[in-house]
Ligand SMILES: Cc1ncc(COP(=O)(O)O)c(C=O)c1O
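First, one chain by itself: the form predicted alone, in structure tokens.
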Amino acid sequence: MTGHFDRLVQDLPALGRFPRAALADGPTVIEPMQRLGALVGVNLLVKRDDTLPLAMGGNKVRQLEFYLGEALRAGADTLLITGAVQSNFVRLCAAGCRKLGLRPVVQLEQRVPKQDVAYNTSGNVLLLKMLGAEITSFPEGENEAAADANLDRIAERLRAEGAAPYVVHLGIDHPPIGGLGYVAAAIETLQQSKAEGLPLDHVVVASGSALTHAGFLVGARLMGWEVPVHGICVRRDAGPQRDRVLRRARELAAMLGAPQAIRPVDIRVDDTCLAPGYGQMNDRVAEALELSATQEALLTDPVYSGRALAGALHLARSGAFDAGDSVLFLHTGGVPAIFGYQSDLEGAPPA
């Protein structure tokens, strides 16, 4: 019987060249957000990647399938990854390791200037402890190269102890392997759009490491789908983020044998909802969290999904979309992180 991923590979055979550890099989649903869409004058839809299976879900499951596939191919028994204190990627990496029998070693970076107890002990931090991850801290938060280099030092120590570690590098100077998961997601979305009669005029995604944004864009363009993909900045300003997305997208396209598939004009980023910075609340994000919950019973987090939704609402209100356009918001998950933001959420003014 042909599985879901096999059907995606039929549309893009080059994707099948890369090792993959299957953690999910089957498309995530696309649902209408009629009440929220009506508030901003568009046909708003949500792709529920927050429902991907594995330890409370989230979009990083798609990326981890390829990182873990490469780790298993390399004969690893231990996996190392770095991320913010409330990182969904780190939590899902630890869960994927446990699912596949690998030892998870995680590094938590001080990216967000929050010292309250909930942020540092609940949410994803609590889940990491439940998953039995080995946790180490890194004092910096905006130095990707240094964070990756520290992982490499830990890996060397583990090798000396007899382990076979694999490092998931997230810095710009390492191959964007995880982006392949969102190349596949774009093919999946296009197949759904056609099968369900859902023409999509725009797609909105969170844009941080850029692997979700770049991967979706590459997958769309390799399928001949010219839909605009709008990246909402969650970590850095629009200028450097635009450069990063273009680089990552071109690297992914080259990995798939189509280095000319991405043009600078394809890169759309918006940083209106970013300030005061990564993982920090602002009025637009607080409004998006409240509206998604009260209008659609959809929970979003302050770091990625809620900020991306805030960006989608801003784009709709500012005229970036035509009235009645079908706009797909990609829900990347992150619900466990909400519990780390209790003080912000309880102190946020009503939208």
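Owing to the predicted nature of the structure, the values given are computational and were not obtained by experimental measurement. All residue numbers refer to positions in the sequence shown, first residue = 1.
Form predicted in complex with this ligand: not shown, discussed below.
- Among heavy atoms of G208, some come within 4.5 Å of this ligand in the predicted complex.
- Proximity of G340 to this ligand in the predicted complex: non-hydrogen atoms within 4.5 Å are absent; the residue sits far from the partner.
- Among residues of the shown chain, K60 is one whose heavy atoms approach this ligand to within 4.5 Å in the predicted complex.
- Contact with this ligand in the predicted complex, defined as a heavy atom within 4.5 Å, is made by none of T28, G181 and F216.
- Heavy atoms within 4.5 Å of this ligand in the predicted complex are found in exactly one of 29-37, 52-60, 312-320, 282-290, that being 52-60.
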